[in-house]
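Structure 1 and structure 2, given next as C-alpha coordinates, are two forms of the same protein chain, each shown alone.
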Structure 1
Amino acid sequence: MTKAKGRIAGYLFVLPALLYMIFFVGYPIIDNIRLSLFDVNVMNLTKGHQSFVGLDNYIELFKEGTLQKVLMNTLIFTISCLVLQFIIGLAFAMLFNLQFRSAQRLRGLVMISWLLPATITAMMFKFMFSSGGIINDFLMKLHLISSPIDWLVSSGTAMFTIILANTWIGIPFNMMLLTAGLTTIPKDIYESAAIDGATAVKRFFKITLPLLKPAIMSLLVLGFIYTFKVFDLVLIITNGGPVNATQMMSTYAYKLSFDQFQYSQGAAISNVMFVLLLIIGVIYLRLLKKEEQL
(Lines of atoms letter the chains of each structure in order from A and count residues from 1; the text may use other names and numbers.)
(Lines give C-alpha, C1' and ligand atoms only; values in the text may rest on other atoms or scores of the structure.)
Protein backbone atom coordinates (compact mmCIF):
# COMPACT_ATOMS: atom_id res chain seq x y z
CA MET A 1 0.00 0.00 0.00
CA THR A 2 1.38 3.41 -0.99
CA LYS A 3 1.75 6.21 1.53
CA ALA A 4 -1.18 8.16 0.01
CA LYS A 5 -3.49 5.13 0.16
CA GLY A 6 -2.47 4.52 3.75
CA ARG A 7 -3.35 8.09 4.64
CA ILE A 8 -6.76 7.81 2.92
CA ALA A 9 -7.44 4.54 4.74
CA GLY A 10 -6.62 6.28 8.01
CA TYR A 11 -9.08 9.09 7.24
CA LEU A 12 -11.78 6.55 6.38
CA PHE A 13 -11.30 4.82 9.73
CA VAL A 14 -11.61 8.15 11.54
CA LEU A 15 -14.61 9.35 9.49
CA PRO A 16 -17.38 7.53 11.45
CA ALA A 17 -16.11 8.91 14.77
CA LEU A 18 -15.78 12.38 13.22
CA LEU A 19 -19.35 12.30 11.87
CA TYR A 20 -20.63 11.10 15.23
CA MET A 21 -18.87 13.94 17.03
CA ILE A 22 -20.16 16.54 14.54
CA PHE A 23 -23.82 15.47 14.71
CA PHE A 24 -24.16 14.38 18.33
CA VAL A 25 -21.66 16.67 20.11
CA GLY A 26 -20.68 19.60 17.87
CA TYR A 27 -24.14 20.46 16.51
CA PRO A 28 -25.93 20.52 19.94
CA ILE A 29 -23.18 22.73 21.40
CA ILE A 30 -23.32 25.21 18.51
CA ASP A 31 -27.13 25.24 18.49
CA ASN A 32 -27.19 25.80 22.26
CA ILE A 33 -24.86 28.79 21.89
CA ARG A 34 -27.12 30.17 19.14
CA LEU A 35 -30.19 29.63 21.32
CA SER A 36 -28.65 31.59 24.21
CA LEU A 37 -28.15 34.63 21.95
CA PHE A 38 -31.86 34.86 21.01
CA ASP A 39 -35.02 35.49 23.00
CA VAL A 40 -36.77 32.12 22.72
CA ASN A 41 -39.66 31.31 25.03
CA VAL A 42 -42.89 29.34 24.92
CA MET A 43 -44.71 32.25 23.20
CA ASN A 44 -42.43 32.48 20.15
CA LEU A 45 -40.93 28.98 19.99
CA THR A 46 -42.97 27.86 16.98
CA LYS A 47 -43.55 31.26 15.34
CA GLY A 48 -40.17 31.37 13.67
CA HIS A 49 -39.54 35.00 14.64
CA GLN A 50 -37.16 35.23 17.54
CA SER A 51 -35.29 38.42 18.21
CA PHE A 52 -31.53 38.50 18.58
CA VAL A 53 -30.56 39.76 22.05
CA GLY A 54 -26.82 39.09 22.11
CA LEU A 55 -25.50 38.59 25.62
CA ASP A 56 -28.63 39.97 27.32
CA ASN A 57 -29.63 36.53 28.66
CA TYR A 58 -26.25 36.16 30.36
CA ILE A 59 -26.35 39.71 31.74
CA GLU A 60 -29.91 39.29 33.05
CA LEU A 61 -29.04 36.04 34.81
CA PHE A 62 -25.99 37.68 36.36
CA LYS A 63 -28.00 40.71 37.56
CA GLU A 64 -30.69 38.51 39.13
CA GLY A 65 -28.02 36.95 41.36
CA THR A 66 -29.38 33.42 41.00
CA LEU A 67 -26.53 32.45 38.67
CA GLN A 68 -23.94 33.28 41.34
CA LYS A 69 -25.95 31.38 43.95
CA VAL A 70 -26.35 28.20 41.88
CA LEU A 71 -22.69 28.39 40.85
CA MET A 72 -21.66 28.63 44.52
CA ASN A 73 -24.03 25.77 45.41
CA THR A 74 -22.55 23.63 42.67
CA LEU A 75 -18.97 24.35 43.75
CA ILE A 76 -19.74 23.63 47.44
CA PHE A 77 -21.50 20.41 46.47
CA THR A 78 -18.74 19.32 44.06
CA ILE A 79 -15.77 20.07 46.33
CA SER A 80 -17.43 18.56 49.42
CA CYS A 81 -18.28 15.37 47.54
CA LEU A 82 -14.79 15.14 46.03
CA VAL A 83 -13.06 15.50 49.41
CA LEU A 84 -15.30 12.97 51.18
CA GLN A 85 -15.27 10.47 48.32
CA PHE A 86 -11.50 10.65 48.00
CA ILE A 87 -10.75 10.24 51.73
CA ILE A 88 -13.18 7.34 52.22
CA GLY A 89 -12.31 5.77 48.86
CA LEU A 90 -8.58 5.89 49.68
CA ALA A 91 -9.22 4.36 53.12
CA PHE A 92 -11.19 1.48 51.55
CA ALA A 93 -8.57 0.99 48.82
CA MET A 94 -5.76 0.71 51.36
CA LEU A 95 -7.84 -1.56 53.58
CA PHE A 96 -8.73 -4.01 50.82
CA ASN A 97 -5.18 -3.86 49.45
CA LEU A 98 -4.11 -5.74 52.58
CA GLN A 99 -5.64 -8.89 51.02
CA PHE A 100 -7.14 -10.24 54.24
CA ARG A 101 -9.81 -12.92 54.32
CA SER A 102 -13.19 -11.78 52.93
CA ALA A 103 -11.58 -8.66 51.40
CA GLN A 104 -13.07 -9.42 47.98
CA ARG A 105 -16.55 -10.01 49.40
CA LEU A 106 -16.46 -6.75 51.35
CA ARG A 107 -15.18 -4.90 48.28
CA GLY A 108 -18.15 -6.30 46.36
CA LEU A 109 -20.53 -4.98 49.01
CA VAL A 110 -19.01 -1.50 48.75
CA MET A 111 -19.62 -1.60 44.99
CA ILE A 112 -23.40 -1.89 45.46
CA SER A 113 -23.90 1.86 45.79
CA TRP A 114 -22.18 2.42 42.44
CA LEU A 115 -24.24 -0.28 40.71
CA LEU A 116 -27.62 1.11 41.75
CA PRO A 117 -29.31 3.60 39.39
CA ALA A 118 -29.03 7.18 40.68
CA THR A 119 -32.81 7.51 40.73
CA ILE A 120 -33.13 4.54 43.09
CA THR A 121 -30.44 5.97 45.37
CA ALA A 122 -32.14 9.38 45.33
CA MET A 123 -35.52 7.92 46.29
CA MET A 124 -33.89 5.85 49.02
CA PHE A 125 -32.16 8.87 50.58
CA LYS A 126 -35.30 10.98 50.22
CA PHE A 127 -37.24 8.38 52.18
CA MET A 128 -34.49 7.90 54.78
CA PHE A 129 -34.16 11.64 55.45
CA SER A 130 -37.88 12.46 55.43
CA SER A 131 -39.50 13.60 58.69
CA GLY A 132 -40.77 10.10 59.41
CA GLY A 133 -37.73 8.38 57.91
CA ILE A 134 -35.32 5.89 59.40
CA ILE A 135 -32.63 8.51 60.16
CA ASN A 136 -34.88 10.50 62.52
CA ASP A 137 -36.18 7.27 64.04
CA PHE A 138 -32.63 6.02 64.65
CA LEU A 139 -31.42 9.30 66.18
CA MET A 140 -34.47 9.55 68.43
CA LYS A 141 -33.96 5.99 69.71
CA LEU A 142 -30.38 6.93 70.57
CA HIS A 143 -31.77 10.03 72.35
CA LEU A 144 -29.57 12.27 70.19
CA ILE A 145 -32.58 14.33 69.12
CA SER A 146 -35.92 14.90 70.88
CA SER A 147 -38.06 15.58 67.80
CA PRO A 148 -37.78 14.74 64.08
CA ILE A 149 -35.53 16.98 61.98
CA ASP A 150 -36.85 18.30 58.67
CA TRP A 151 -33.69 17.39 56.80
CA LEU A 152 -35.00 18.35 53.36
CA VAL A 153 -36.70 21.60 54.46
CA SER A 154 -33.75 23.41 56.03
CA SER A 155 -31.15 24.76 53.60
CA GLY A 156 -28.10 23.45 55.50
CA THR A 157 -29.40 19.95 56.15
CA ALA A 158 -30.80 19.64 52.62
CA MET A 159 -27.36 20.35 51.16
CA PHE A 160 -25.84 17.90 53.66
CA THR A 161 -28.29 15.20 52.54
CA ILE A 162 -27.52 15.45 48.83
CA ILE A 163 -23.77 15.60 49.54
CA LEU A 164 -24.09 12.45 51.62
CA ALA A 165 -26.09 10.68 48.90
CA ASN A 166 -23.65 11.58 46.14
CA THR A 167 -20.66 10.66 48.33
CA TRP A 168 -22.18 7.23 48.91
CA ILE A 169 -22.49 6.74 45.14
CA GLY A 170 -18.96 7.94 44.36
CA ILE A 171 -16.95 6.02 46.97
CA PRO A 172 -16.69 2.78 44.90
CA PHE A 173 -15.42 4.67 41.84
CA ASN A 174 -12.69 6.29 43.94
CA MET A 175 -11.88 3.01 45.63
CA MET A 176 -11.48 1.09 42.35
CA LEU A 177 -9.23 3.68 40.69
CA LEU A 178 -7.04 4.03 43.79
CA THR A 179 -6.88 0.25 44.21
CA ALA A 180 -5.63 -0.01 40.62
CA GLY A 181 -3.04 2.67 41.43
CA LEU A 182 -1.91 0.86 44.59
CA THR A 183 -1.29 -2.38 42.68
CA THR A 184 1.31 -0.57 40.53
CA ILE A 185 3.48 0.33 43.55
CA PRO A 186 6.20 -2.33 44.02
CA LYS A 187 6.17 -4.03 47.42
CA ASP A 188 9.98 -3.88 47.48
CA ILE A 189 9.87 -0.13 48.10
CA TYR A 190 7.77 -0.58 51.25
CA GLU A 191 10.03 -3.39 52.48
CA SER A 192 13.17 -1.30 51.94
CA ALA A 193 11.59 1.68 53.71
CA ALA A 194 10.51 -0.51 56.63
CA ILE A 195 14.05 -1.91 56.96
CA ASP A 196 15.37 1.68 57.03
CA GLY A 197 13.01 2.39 59.93
CA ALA A 198 10.29 4.36 58.15
CA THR A 199 7.01 4.28 60.08
CA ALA A 200 3.67 3.45 58.48
CA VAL A 201 2.69 7.14 58.45
CA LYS A 202 5.98 8.13 56.84
CA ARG A 203 5.63 5.37 54.20
CA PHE A 204 2.13 6.65 53.43
CA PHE A 205 3.20 10.26 52.87
CA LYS A 206 6.60 9.57 51.29
CA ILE A 207 5.78 6.54 49.12
CA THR A 208 2.06 5.86 48.69
CA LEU A 209 0.77 9.38 48.00
CA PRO A 210 3.60 10.47 45.62
CA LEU A 211 3.37 7.25 43.59
CA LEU A 212 -0.42 7.51 43.47
CA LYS A 213 -0.24 11.05 42.06
CA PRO A 214 -1.21 10.15 38.44
CA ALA A 215 -4.21 8.11 39.63
CA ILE A 216 -5.24 10.84 42.10
CA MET A 217 -5.00 13.53 39.44
CA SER A 218 -7.18 11.58 36.99
CA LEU A 219 -9.61 10.72 39.74
CA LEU A 220 -10.08 14.29 40.95
CA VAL A 221 -10.54 15.73 37.46
CA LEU A 222 -12.97 13.04 36.32
CA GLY A 223 -14.75 13.25 39.67
CA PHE A 224 -15.06 17.03 39.41
CA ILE A 225 -16.58 16.82 35.93
CA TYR A 226 -18.97 14.00 36.89
CA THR A 227 -20.05 15.68 40.14
CA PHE A 228 -20.33 19.20 38.73
CA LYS A 229 -23.03 18.12 36.29
CA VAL A 230 -25.13 16.26 38.87
CA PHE A 231 -28.79 16.34 37.95
CA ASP A 232 -31.12 13.45 38.73
CA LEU A 233 -29.99 13.04 42.33
CA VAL A 234 -30.73 16.68 43.25
CA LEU A 235 -33.92 16.84 41.19
CA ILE A 236 -35.45 13.86 42.99
CA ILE A 237 -34.26 14.53 46.55
CA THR A 238 -34.80 18.30 46.88
CA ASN A 239 -35.76 19.60 43.42
CA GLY A 240 -33.36 22.47 44.11
CA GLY A 241 -35.14 23.61 47.27
CA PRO A 242 -35.70 24.98 49.74
CA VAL A 243 -35.60 28.43 48.08
CA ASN A 244 -32.79 27.44 45.69
CA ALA A 245 -30.60 26.33 48.61
CA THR A 246 -29.64 23.14 46.74
CA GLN A 247 -30.21 24.43 43.23
CA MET A 248 -27.36 23.31 40.95
CA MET A 249 -26.46 24.71 37.56
CA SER A 250 -27.86 21.67 35.77
CA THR A 251 -31.17 21.67 37.67
CA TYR A 252 -31.49 25.44 37.28
CA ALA A 253 -30.98 25.15 33.52
CA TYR A 254 -33.70 22.47 33.47
CA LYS A 255 -36.01 24.63 35.60
CA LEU A 256 -35.60 27.65 33.33
CA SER A 257 -36.08 25.62 30.15
CA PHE A 258 -38.87 23.19 31.06
CA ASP A 259 -40.66 24.72 34.07
CA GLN A 260 -40.52 28.42 33.19
CA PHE A 261 -40.08 27.88 29.41
CA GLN A 262 -37.25 30.43 29.20
CA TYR A 263 -35.32 28.32 26.73
CA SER A 264 -32.65 30.91 25.97
CA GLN A 265 -31.78 31.51 29.62
CA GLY A 266 -31.64 27.76 30.22
CA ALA A 267 -29.25 27.49 27.27
CA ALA A 268 -27.14 30.32 28.72
CA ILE A 269 -26.73 28.45 32.01
CA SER A 270 -25.76 25.31 30.10
CA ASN A 271 -23.14 27.24 28.16
CA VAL A 272 -21.60 28.62 31.36
CA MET A 273 -21.38 25.04 32.65
CA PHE A 274 -19.81 23.92 29.38
CA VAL A 275 -17.14 26.64 29.52
CA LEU A 276 -16.25 25.86 33.15
CA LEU A 277 -15.93 22.13 32.48
CA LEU A 278 -13.98 22.81 29.29
CA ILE A 279 -11.46 24.84 31.31
CA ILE A 280 -11.13 21.97 33.81
CA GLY A 281 -10.65 19.52 30.93
CA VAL A 282 -7.95 21.67 29.31
CA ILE A 283 -6.12 22.03 32.65
CA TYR A 284 -6.26 18.26 33.08
CA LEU A 285 -4.83 17.63 29.61
CA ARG A 286 -2.01 20.11 30.24
CA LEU A 287 -1.17 18.47 33.57
CA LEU A 288 -1.29 15.05 31.93
CA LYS A 289 1.05 16.18 29.16
CA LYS A 290 3.42 17.71 31.70
CA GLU A 291 3.37 14.48 33.72
CA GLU A 292 4.20 12.39 30.63
CA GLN A 293 7.18 14.64 29.83
CA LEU A 294 8.76 14.06 33.26
Structure 2
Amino acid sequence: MTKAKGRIAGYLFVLPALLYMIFFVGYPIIDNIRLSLFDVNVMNLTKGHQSFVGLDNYIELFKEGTLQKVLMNTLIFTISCLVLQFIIGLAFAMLFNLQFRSAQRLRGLVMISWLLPATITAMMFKFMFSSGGIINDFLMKLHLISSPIDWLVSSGTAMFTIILANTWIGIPFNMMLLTAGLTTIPKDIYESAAIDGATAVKRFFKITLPLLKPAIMSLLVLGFIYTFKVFDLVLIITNGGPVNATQMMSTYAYKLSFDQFQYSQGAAISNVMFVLLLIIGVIYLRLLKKEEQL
Protein backbone atom coordinates (compact mmCIF):
# COMPACT_ATOMS: atom_id res chain seq x y z
CA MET A 1 0.00 0.00 0.00
CA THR A 2 1.50 3.31 -1.03
CA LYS A 3 1.56 6.26 1.30
CA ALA A 4 -0.94 8.26 -0.74
CA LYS A 5 -3.30 5.32 -0.96
CA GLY A 6 -3.14 4.81 2.82
CA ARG A 7 -3.90 8.47 3.29
CA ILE A 8 -6.98 8.32 1.11
CA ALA A 9 -8.16 5.13 2.82
CA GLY A 10 -7.77 6.81 6.21
CA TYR A 11 -9.88 9.76 5.14
CA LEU A 12 -12.54 7.49 3.67
CA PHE A 13 -12.87 5.57 6.93
CA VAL A 14 -13.20 8.73 9.01
CA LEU A 15 -15.33 10.74 6.61
CA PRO A 16 -18.86 9.42 7.33
CA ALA A 17 -18.62 10.02 11.10
CA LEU A 18 -16.89 13.34 10.55
CA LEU A 19 -19.56 14.60 8.16
CA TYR A 20 -22.23 13.48 10.63
CA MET A 21 -20.61 15.43 13.44
CA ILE A 22 -20.13 18.52 11.27
CA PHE A 23 -23.77 18.44 10.26
CA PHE A 24 -25.38 17.63 13.61
CA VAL A 25 -22.88 19.24 16.01
CA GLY A 26 -20.69 21.69 14.11
CA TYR A 27 -23.55 23.42 12.35
CA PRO A 28 -25.65 23.77 15.56
CA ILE A 29 -22.70 25.38 17.36
CA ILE A 30 -22.41 28.01 14.62
CA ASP A 31 -26.17 28.44 14.40
CA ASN A 32 -26.38 28.92 18.16
CA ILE A 33 -23.97 31.86 17.91
CA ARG A 34 -26.15 33.36 15.16
CA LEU A 35 -29.31 32.81 17.26
CA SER A 36 -27.82 34.63 20.23
CA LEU A 37 -27.01 37.70 18.10
CA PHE A 38 -30.50 38.03 16.60
CA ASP A 39 -33.95 38.52 18.08
CA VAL A 40 -35.53 35.11 17.59
CA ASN A 41 -38.85 34.19 19.16
CA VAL A 42 -41.73 31.85 18.49
CA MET A 43 -43.05 34.05 15.64
CA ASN A 44 -39.92 34.07 13.53
CA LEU A 45 -38.17 30.86 14.58
CA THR A 46 -38.29 29.03 11.26
CA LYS A 47 -39.45 31.73 8.87
CA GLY A 48 -39.88 35.47 8.79
CA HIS A 49 -37.59 38.39 9.49
CA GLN A 50 -35.09 38.15 12.36
CA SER A 51 -33.46 41.42 13.32
CA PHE A 52 -29.81 41.66 14.31
CA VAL A 53 -29.38 42.89 17.89
CA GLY A 54 -25.68 42.29 18.48
CA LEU A 55 -24.81 41.48 22.06
CA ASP A 56 -28.11 42.80 23.45
CA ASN A 57 -29.25 39.34 24.58
CA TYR A 58 -26.12 38.84 26.64
CA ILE A 59 -26.25 42.38 28.04
CA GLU A 60 -29.89 42.06 29.02
CA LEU A 61 -29.32 38.78 30.86
CA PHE A 62 -26.35 40.32 32.60
CA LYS A 63 -28.27 43.46 33.62
CA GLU A 64 -31.18 41.42 34.98
CA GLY A 65 -28.61 39.59 37.06
CA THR A 66 -29.93 36.19 36.00
CA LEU A 67 -26.75 35.27 34.16
CA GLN A 68 -24.63 35.78 37.30
CA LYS A 69 -27.26 34.06 39.45
CA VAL A 70 -27.45 30.86 37.38
CA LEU A 71 -23.70 30.81 36.86
CA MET A 72 -23.22 31.05 40.63
CA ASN A 73 -25.78 28.31 41.27
CA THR A 74 -24.14 26.04 38.73
CA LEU A 75 -20.70 26.61 40.24
CA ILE A 76 -21.92 25.93 43.79
CA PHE A 77 -23.67 22.78 42.59
CA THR A 78 -20.72 21.57 40.53
CA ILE A 79 -18.02 22.18 43.12
CA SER A 80 -20.05 20.70 46.00
CA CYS A 81 -20.73 17.58 43.94
CA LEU A 82 -17.09 17.28 42.91
CA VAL A 83 -15.83 17.46 46.49
CA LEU A 84 -18.42 15.05 47.89
CA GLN A 85 -18.19 12.44 45.17
CA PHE A 86 -14.41 12.57 45.20
CA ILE A 87 -14.16 11.94 48.96
CA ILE A 88 -16.73 9.13 48.95
CA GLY A 89 -15.42 7.72 45.66
CA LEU A 90 -11.89 7.61 47.05
CA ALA A 91 -13.10 5.90 50.24
CA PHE A 92 -14.97 3.31 48.15
CA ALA A 93 -11.99 2.77 45.84
CA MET A 94 -9.66 2.16 48.78
CA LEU A 95 -12.14 -0.08 50.58
CA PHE A 96 -12.75 -2.35 47.59
CA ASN A 97 -9.06 -2.31 46.75
CA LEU A 98 -8.37 -4.29 49.94
CA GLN A 99 -8.07 -7.96 49.07
CA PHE A 100 -11.18 -9.55 50.50
CA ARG A 101 -13.74 -11.92 49.12
CA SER A 102 -16.52 -10.40 46.98
CA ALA A 103 -14.73 -7.02 46.89
CA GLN A 104 -14.88 -6.91 43.10
CA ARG A 105 -18.50 -7.96 42.96
CA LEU A 106 -19.51 -5.29 45.48
CA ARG A 107 -17.57 -2.66 43.56
CA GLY A 108 -19.44 -3.72 40.44
CA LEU A 109 -22.79 -3.29 42.19
CA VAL A 110 -21.96 0.30 43.10
CA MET A 111 -21.67 1.01 39.35
CA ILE A 112 -25.44 0.70 38.93
CA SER A 113 -26.14 4.21 40.17
CA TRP A 114 -23.99 5.59 37.38
CA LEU A 115 -25.68 3.57 34.65
CA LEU A 116 -29.29 4.41 35.49
CA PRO A 117 -31.12 7.05 33.49
CA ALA A 118 -30.88 10.33 35.44
CA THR A 119 -34.65 10.61 35.16
CA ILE A 120 -35.13 7.59 37.41
CA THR A 121 -32.59 8.76 39.96
CA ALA A 122 -34.22 12.19 40.04
CA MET A 123 -37.68 10.75 40.56
CA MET A 124 -36.35 8.52 43.32
CA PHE A 125 -34.72 11.35 45.25
CA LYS A 126 -37.73 13.59 44.76
CA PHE A 127 -39.86 10.88 46.32
CA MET A 128 -37.51 10.11 49.21
CA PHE A 129 -37.15 13.81 50.06
CA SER A 130 -40.85 14.64 49.79
CA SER A 131 -42.36 15.86 53.07
CA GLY A 132 -44.00 12.51 53.84
CA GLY A 133 -41.03 10.58 52.48
CA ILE A 134 -38.61 8.11 53.98
CA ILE A 135 -35.86 10.66 54.76
CA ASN A 136 -38.09 12.74 57.03
CA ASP A 137 -39.52 9.58 58.55
CA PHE A 138 -36.03 8.33 59.32
CA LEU A 139 -34.77 11.63 60.75
CA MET A 140 -37.84 11.89 62.97
CA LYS A 141 -37.35 8.37 64.26
CA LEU A 142 -33.82 9.34 65.25
CA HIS A 143 -35.27 12.48 66.91
CA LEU A 144 -32.97 14.65 64.83
CA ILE A 145 -35.94 16.70 63.69
CA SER A 146 -39.33 17.12 65.36
CA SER A 147 -41.47 17.84 62.31
CA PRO A 148 -41.07 16.97 58.61
CA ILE A 149 -38.82 19.25 56.56
CA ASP A 150 -40.05 20.55 53.22
CA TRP A 151 -36.75 19.79 51.51
CA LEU A 152 -37.68 21.09 48.09
CA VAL A 153 -39.54 24.19 49.26
CA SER A 154 -36.72 26.24 50.80
CA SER A 155 -33.69 27.20 48.77
CA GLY A 156 -30.84 25.80 50.85
CA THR A 157 -32.33 22.35 51.36
CA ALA A 158 -33.43 22.14 47.72
CA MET A 159 -29.85 22.75 46.59
CA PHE A 160 -28.67 20.21 49.16
CA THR A 161 -31.06 17.59 47.75
CA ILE A 162 -29.94 17.92 44.14
CA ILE A 163 -26.29 17.91 45.21
CA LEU A 164 -26.90 14.69 47.11
CA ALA A 165 -28.72 13.09 44.17
CA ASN A 166 -25.99 14.00 41.71
CA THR A 167 -23.28 12.85 44.09
CA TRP A 168 -25.00 9.47 44.22
CA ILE A 169 -24.66 9.26 40.44
CA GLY A 170 -21.06 10.49 40.40
CA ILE A 171 -19.55 8.26 43.09
CA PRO A 172 -19.00 5.17 40.86
CA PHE A 173 -17.30 7.29 38.20
CA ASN A 174 -14.83 8.63 40.77
CA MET A 175 -14.43 5.22 42.32
CA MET A 176 -13.59 3.51 39.02
CA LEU A 177 -11.04 6.09 37.89
CA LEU A 178 -9.38 6.09 41.31
CA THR A 179 -9.37 2.29 41.36
CA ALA A 180 -7.57 2.33 38.01
CA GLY A 181 -5.12 4.81 39.53
CA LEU A 182 -4.57 2.69 42.64
CA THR A 183 -3.61 -0.38 40.60
CA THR A 184 -0.69 1.56 39.11
CA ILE A 185 0.90 2.11 42.54
CA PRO A 186 3.48 -0.62 43.23
CA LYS A 187 2.74 -2.60 46.42
CA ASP A 188 6.35 -2.68 47.65
CA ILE A 189 6.38 1.10 48.19
CA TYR A 190 3.86 0.62 50.98
CA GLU A 191 5.75 -2.28 52.44
CA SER A 192 9.06 -0.45 52.66
CA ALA A 193 7.27 2.59 54.08
CA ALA A 194 5.68 0.40 56.73
CA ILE A 195 9.08 -1.04 57.60
CA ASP A 196 10.39 2.51 57.97
CA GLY A 197 7.65 3.06 60.51
CA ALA A 198 5.25 5.26 58.49
CA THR A 199 1.76 5.23 59.94
CA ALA A 200 -1.28 4.45 57.80
CA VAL A 201 -2.29 8.13 57.77
CA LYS A 202 1.20 9.15 56.73
CA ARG A 203 1.30 6.50 54.01
CA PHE A 204 -2.01 7.82 52.67
CA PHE A 205 -0.86 11.43 52.46
CA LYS A 206 2.75 10.78 51.43
CA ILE A 207 2.28 7.89 49.02
CA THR A 208 -1.30 7.27 47.92
CA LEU A 209 -2.45 10.83 47.27
CA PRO A 210 0.69 12.08 45.45
CA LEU A 211 0.83 9.00 43.23
CA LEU A 212 -2.88 9.29 42.43
CA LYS A 213 -2.41 12.87 41.26
CA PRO A 214 -2.70 12.22 37.49
CA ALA A 215 -5.89 10.18 38.01
CA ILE A 216 -7.29 12.84 40.36
CA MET A 217 -6.57 15.67 37.94
CA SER A 218 -8.30 14.09 34.99
CA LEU A 219 -11.26 12.93 37.05
CA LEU A 220 -11.79 16.40 38.53
CA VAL A 221 -11.69 18.02 35.12
CA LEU A 222 -13.98 15.44 33.52
CA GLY A 223 -16.23 15.52 36.58
CA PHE A 224 -16.47 19.29 36.30
CA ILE A 225 -17.51 19.06 32.66
CA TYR A 226 -20.11 16.34 33.28
CA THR A 227 -21.55 18.02 36.38
CA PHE A 228 -21.61 21.53 34.94
CA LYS A 229 -24.02 20.45 32.21
CA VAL A 230 -26.38 18.33 34.37
CA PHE A 231 -29.91 18.91 33.16
CA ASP A 232 -32.47 16.11 33.64
CA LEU A 233 -31.79 15.69 37.32
CA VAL A 234 -32.39 19.32 38.25
CA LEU A 235 -35.33 19.69 35.88
CA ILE A 236 -37.16 16.83 37.55
CA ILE A 237 -36.29 17.34 41.22
CA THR A 238 -36.67 21.12 41.56
CA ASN A 239 -37.27 22.51 38.05
CA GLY A 240 -34.96 25.34 39.11
CA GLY A 241 -37.12 26.31 42.07
CA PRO A 242 -37.91 27.60 44.59
CA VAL A 243 -37.75 30.96 42.77
CA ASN A 244 -34.62 30.13 40.73
CA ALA A 245 -32.67 29.07 43.84
CA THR A 246 -31.51 25.91 42.06
CA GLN A 247 -31.74 27.21 38.51
CA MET A 248 -28.72 25.92 36.59
CA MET A 249 -27.36 27.30 33.33
CA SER A 250 -28.65 24.24 31.49
CA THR A 251 -32.17 24.34 32.96
CA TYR A 252 -32.39 28.10 32.54
CA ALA A 253 -31.35 27.89 28.89
CA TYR A 254 -34.06 25.30 28.38
CA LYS A 255 -36.66 27.32 30.24
CA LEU A 256 -35.92 30.46 28.23
CA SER A 257 -36.05 28.61 24.91
CA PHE A 258 -38.84 26.12 25.33
CA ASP A 259 -41.08 27.55 28.09
CA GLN A 260 -40.81 31.26 27.35
CA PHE A 261 -39.84 30.93 23.66
CA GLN A 262 -36.97 33.42 24.09
CA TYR A 263 -34.77 31.35 21.81
CA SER A 264 -32.09 34.03 21.52
CA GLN A 265 -31.62 34.42 25.25
CA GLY A 266 -31.56 30.66 25.71
CA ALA A 267 -28.88 30.46 23.03
CA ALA A 268 -26.89 33.19 24.80
CA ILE A 269 -26.85 31.21 28.06
CA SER A 270 -25.83 28.04 26.20
CA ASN A 271 -22.96 29.89 24.55
CA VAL A 272 -21.61 31.15 27.86
CA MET A 273 -21.71 27.52 29.05
CA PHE A 274 -19.97 26.40 25.89
CA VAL A 275 -17.11 28.87 26.33
CA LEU A 276 -16.60 27.89 29.97
CA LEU A 277 -16.62 24.16 29.15
CA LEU A 278 -14.26 24.77 26.24
CA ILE A 279 -11.74 26.39 28.58
CA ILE A 280 -11.97 23.43 30.94
CA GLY A 281 -11.76 21.09 27.96
CA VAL A 282 -8.51 22.70 26.80
CA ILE A 283 -7.08 22.23 30.29
CA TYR A 284 -8.06 18.56 30.10
CA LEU A 285 -6.39 18.10 26.72
CA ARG A 286 -3.23 19.73 28.09
CA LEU A 287 -3.26 17.21 30.92
CA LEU A 288 -3.63 14.33 28.47
CA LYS A 289 -0.75 15.63 26.40
CA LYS A 290 1.40 15.90 29.49
CA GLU A 291 0.77 12.25 30.21
CA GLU A 292 1.51 11.57 26.54
CA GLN A 293 -1.63 9.60 26.10
CA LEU A 294 -2.73 11.48 23.04
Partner chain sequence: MRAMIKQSRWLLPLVSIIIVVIFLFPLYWLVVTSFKTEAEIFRSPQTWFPQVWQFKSYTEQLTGSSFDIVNGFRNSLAIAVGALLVSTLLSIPAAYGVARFRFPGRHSFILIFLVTQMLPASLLLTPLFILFKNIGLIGASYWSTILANATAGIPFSVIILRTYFATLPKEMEESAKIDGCNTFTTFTRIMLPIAVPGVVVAMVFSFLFAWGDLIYGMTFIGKEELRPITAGIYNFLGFQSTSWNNTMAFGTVSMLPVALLFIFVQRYIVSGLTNGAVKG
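Everything numeric here is computed off the predicted structure, so don't read it as measured data. Throughout, rigid core stands for the largest set of C-alpha atoms superposing within 1.5 Å between the two forms. Numbering runs along the sequence of structure 1, starting at 1.
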message = Which number belongs to the form predicted together with its partner chain, 1 or 2?
response = 2
request  = Verify the C-alpha shift of residue 284 between structure 1 and structure 2: is it 2 Å or more after superposing the core?
outcome  = yes
query = With the core lined up, does the C-alpha of residue 17 move 2 Å or more between structure 1 and structure 2?
reply = yes
